[in-house]
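The chain below stands alone, shown as structure tokens; this is the form predicted on its own.
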Amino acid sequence: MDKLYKVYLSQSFDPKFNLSVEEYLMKCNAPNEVALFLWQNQNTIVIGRNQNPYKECAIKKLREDDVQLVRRLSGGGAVYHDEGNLNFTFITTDEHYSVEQNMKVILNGISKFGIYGHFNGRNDLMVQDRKFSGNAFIRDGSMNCHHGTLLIDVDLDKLSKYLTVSPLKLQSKGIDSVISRVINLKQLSPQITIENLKDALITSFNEFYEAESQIINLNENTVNLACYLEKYDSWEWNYSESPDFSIVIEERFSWGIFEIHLESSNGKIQKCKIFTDSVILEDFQNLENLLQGKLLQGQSILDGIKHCIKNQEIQQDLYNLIKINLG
């Protein structure tokens, strides 16, 4: 059976749509198809399959700045996407799949701008000892998905603002900050843009496979992804899939200091403890008891606050505190 070479171009900047496309292609592509999917997200944190968003991201800052958070199917770490970032995905069966070949397609594409990078043999593409592409992988039966980021003109200040990388990770690499680890390709080649890099990657894909690939544009009107979109838009997928963990939320108000400790397992509050120096009598112990067993979801806690706290000022302050930290 002859191979089919296809390049899919997303016209959407919605991460839920683009991650849905990946899963759809993994389920629906023909066994003889080799696909390259190019896509962008707008102001998004994408976390790995097994990551805890409360530990990996500055959730409060994401809420304040209206940055989306979405969990992907692959493992690996959290990444920040804006319109200065181009994402690529290779999807094909075992017979046609090779990470090294995929990396060659990407590296040959950027070499057209005089940038000569290398694959570090793990998950990253590097240039001048700095990372411009992180990669992750999924396997479902005989179908493989290899996707990665390409930093072209990303707002690196926002990248470091929203990602709360463990100090242990930084120390182990002997470096000082998230920004010091990465580089935008535009710093190396000012003429590079999202659009001309897309063209270069398509050319590189065709050159590598000695084929003329079919170009397919995708948007919300060209493909039905309803069942996938529902998953990627759900709190259950993006938050409750987190490993067991504890979280502490603390704030000083005019009526006193409020501190709530929450222990979570399988997306539910297993233990809740509240501390406060408020002189206003409120039934915080009842709130503790009420929240145990509830989903670790903003609305569950907000409902408990409304039920247990009668003082309107305290109720409103706690409402705002939980809303901005847990959504």
Partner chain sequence: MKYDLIIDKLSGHDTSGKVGKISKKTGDFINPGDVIFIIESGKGTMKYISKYKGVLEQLSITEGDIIKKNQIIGKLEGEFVQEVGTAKAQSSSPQGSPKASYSFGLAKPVQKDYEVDVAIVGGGPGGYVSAIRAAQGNKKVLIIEEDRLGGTCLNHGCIPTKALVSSVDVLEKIRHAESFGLEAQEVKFSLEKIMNRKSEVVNTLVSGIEHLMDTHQIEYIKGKAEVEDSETLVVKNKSIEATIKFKKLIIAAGAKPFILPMEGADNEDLLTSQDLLELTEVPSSLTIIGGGVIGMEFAFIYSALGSKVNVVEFFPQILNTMDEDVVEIIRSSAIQKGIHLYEGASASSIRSALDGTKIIEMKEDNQSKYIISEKVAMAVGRKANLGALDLEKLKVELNEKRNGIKVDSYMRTSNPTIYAIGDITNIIQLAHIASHQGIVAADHINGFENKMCYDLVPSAIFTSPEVGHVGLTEKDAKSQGLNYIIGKFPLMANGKAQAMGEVEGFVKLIADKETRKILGGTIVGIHATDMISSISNIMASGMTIDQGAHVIYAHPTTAESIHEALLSLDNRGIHFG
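Definition used throughout: the rigid core is the maximal C-alpha set that superposes within 1.5 Å between two forms. Residue numbers count along the first chain shown, from 1. As the structure is a computational prediction, the values presented were derived from the model and not from experiment.
Just so it is clear, the following notes concern the form predicted in complex with the partner chain, a form of the same protein that is not shown.
**Q** With the partner absent here, would K27, L73 and E210 each sit within 4.5 Å of the partner chain in the model of the complex, counting heavy atoms only?
**A** Contact check passed for all of K27, L73 and E210.
**Q** Given that the partner chain is not shown alongside this chain, does K104 nevertheless sit within 4.5 Å of it in the model of the complex, heavy atom to heavy atom?
**A** Yes - in the model of the complex, heavy atoms of K104 and the partner chain come within 4.5 Å of each other.
**Q** Contact between Q285 and the partner chain in the model of the complex at 4.5 Å, heavy atoms?
**A** The answer is no: Q285 has no heavy atom within 4.5 Å of the partner chain.
**Q** Might D233 be said to contact the partner chain in the model of the complex, defining contact as any heavy atom within 4.5 Å?
**A** Because no heavy atom of D233 falls inside 4.5 Å of the partner chain in the model of the complex, the answer is no.
**Q** Using a 4.5 angstroms cut-off on non-hydrogen atoms, would K323 count as touching the partner chain in the model of the complex?
**A** Outside the cut-off, so no.
**Q** Only one of D157, E195, E95, E220 gets a heavy atom within 4.5 Å of the partner chain in the model of the complex. Which one?
**A** Looking at the other structure, the residue within range turns out to be E95.
**Q** Looking at E250, D129, D199, D244, which has any heavy atom no more than 4.5 Å from the partner chain in the model of the complex?
**A** Checking each option against the partner chain in the model of the complex, the one that comes within 4.5 Å is D244.
**Q** Taking the partner as it appears in the model of the complex, which of 298-306, 42-50, 254-262, 276-284 has residues with heavy atoms within 4.5 Å of the partner chain?
**A** Selected range: 42-50.
**Q** Judged by heavy atom distances of 4.5 Å or less, which residues of 101-122 approach the partner chain in the model of the complex?
**A** Counting only heavy atoms within 4.5 Å of the partner chain in the model of the complex, the contacting residues of 101-122 are K104, F119, N120, G121.
**Q** Inspect the rigid-core superposition and answer whether the C-alpha of N196 shifts by 2 angstroms or more between the shown form and the other one.
**A** No, because once the rigid core is superposed, the C-alpha of N196 moves less than 2 Å between the shown form and the other one.
**Q** If the two forms are fitted on the core, does S246 show a Cα displacement reaching 2 angstroms between the shown form and the other one?
**A** Indeed, S246 is displaced by 2 Å or more.
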